[in-house]
Ligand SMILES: C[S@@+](CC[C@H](N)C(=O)[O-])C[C@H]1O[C@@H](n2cnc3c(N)ncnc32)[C@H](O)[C@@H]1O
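The chain below stands alone and is given as C-alpha cells, in the form predicted alone.
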Amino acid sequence: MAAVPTTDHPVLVGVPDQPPLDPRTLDPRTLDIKAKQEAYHDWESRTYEEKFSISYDQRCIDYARDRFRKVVPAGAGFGRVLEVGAGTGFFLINLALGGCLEGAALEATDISQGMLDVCRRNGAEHGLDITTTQGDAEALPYDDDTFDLVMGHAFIHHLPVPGAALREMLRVLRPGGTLVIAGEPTELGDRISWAVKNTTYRAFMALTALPGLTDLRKPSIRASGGSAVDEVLAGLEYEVDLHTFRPRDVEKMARLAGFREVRVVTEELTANWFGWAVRTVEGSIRPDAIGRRWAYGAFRGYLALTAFDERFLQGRVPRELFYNLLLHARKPYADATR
C-alpha cells in the first residue's frame, strides 16, 4: 500500500452488492479491524486491479510462476488447491494459466465478498472454475485435511494474528501438503521503501509546484466526484496494513504452528526501490498524464533490476534488506518418520 498521502483511490459509492453506506453513521472508530478490512477491500475491489496493474497475460503469469518456482519445483502436482486472502485471484489464476496447477480443483477464500466476486469472474473469463467462499483466514471455513496446496499472496500482513492463520492453514492441509505464501513485506525492506516513497512524493510535489505543472497532480476524491463514504473508506488504507516481518520470525512462527521443512526466501532490493518510486508517481499524477510508453518503460526497468538483484545481490546482501518474503513449508505426516 502507498505510504504517502496520494489520492490513489477509486471513486465509488458504497461497496459491491451491498446497500450504500451512510457517511453519517460510518465511523471507523467504531469498527474492529476485521470489519475495516472487509469494508475497505469490498470498496476497493472494483478498481484494485487497475491500481496495482494486475493482468492475466504473460507479464503477470511470469511473475507469479517465477515466485512459485523459487520454492516449489516443476512437476509437483496438486489435487485440490486453496488460496487464502485471494483478493481478485491474481496469484491463483496466473499460476493456473502458467501451468503450475494443472488438473487441480481451484478454491479461493477472502474476508471480502467483493474481491471474491471479481476473482470468480476473472477465473471464468480465463476458462477456470474457481469455487469461492467468504471467510476469515484465522478461522477458515473448511474441514481438516482438505487441500494438497494452500497458498496466499500479500495477505498475512493484514491479519491481526498471523500465527493463528498459519495454524488454520496447517489444519486444512492434508498430511504432506504444501504451504506457499509470497509477497509479504520484510521489516527492514519496508522501512527502506518508506524512505523511497516519501522522497519521491516530496520531489514530485516540488516539481509540480512550478508554474504550469500544478495540473499534473491527481485531483482529490471529492474533486473527482467521490462521496463522503469514499473519503472515509479511502482513509482505511492506512489502517489495514498491520505487520512487517523479519524472515527468521516467520520461520519460527511457521514451525510453532506445526509446519516442517520451513524455508523463507527474500527477493527484490533495487527492483523494489524502483517499483515504489514508480507507484508513488502513478499514485500522485493525473491518470491521463502518463501512457503506455511509461508503463512499458517502468516494467522493463523493474525486470532489469530484478535480474540485477538476483544475479549480483542475492546471497551477498543480508536477506533482511530485501522487500518481499516467500514462505514454503509442509504439513508433516502423522507418522513423523515418513
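Just so it is clear, the model here is predicted, and its values are computed rather than measured. All residue numbers refer to positions in the sequence shown, first residue = 1.
Just so you know, the form predicted in complex with the ligand exists too; it's not on screen, but the next bit is about it.
- In the predicted bound form, none of the heavy atoms of Val265 sits within 4.5 Å of a heavy atom of the ligand.
- At the 4.5 Å threshold, heavy atoms of Leu188 stay clear of the ligand in the predicted bound form, well away from it.
- The ligand is not shown here, and in the predicted bound form it never comes within 4.5 Å of any heavy atom of Gly177.
- In the predicted bound form, the ligand stays beyond 4.5 Å of every heavy atom belonging to Trp273.
- Site annotation in the predicted bound form: the residue of Pro247, Pro162, Gly123, Gly87 reaching within 4.5 Å of the ligand with a heavy atom is Gly87.
- Residue Asp136 is the only one of Asp136, Glu107, Glu237, Glu168 with a heavy atom lying within 4.5 Å of the ligand in the predicted bound form.
- Residues within 4.5 angstroms of the ligand in the predicted bound form, judged by any non-hydrogen atom, belong to 36-44 and to none of the other stretches in 36-44, 279-287, 66-74, 306-314.
- Taking a 4.5 Å heavy atom cutoff to the ligand in the predicted bound form, the contacting residues in 102-132 are Asp110, Ile111, Ser112, Met115.
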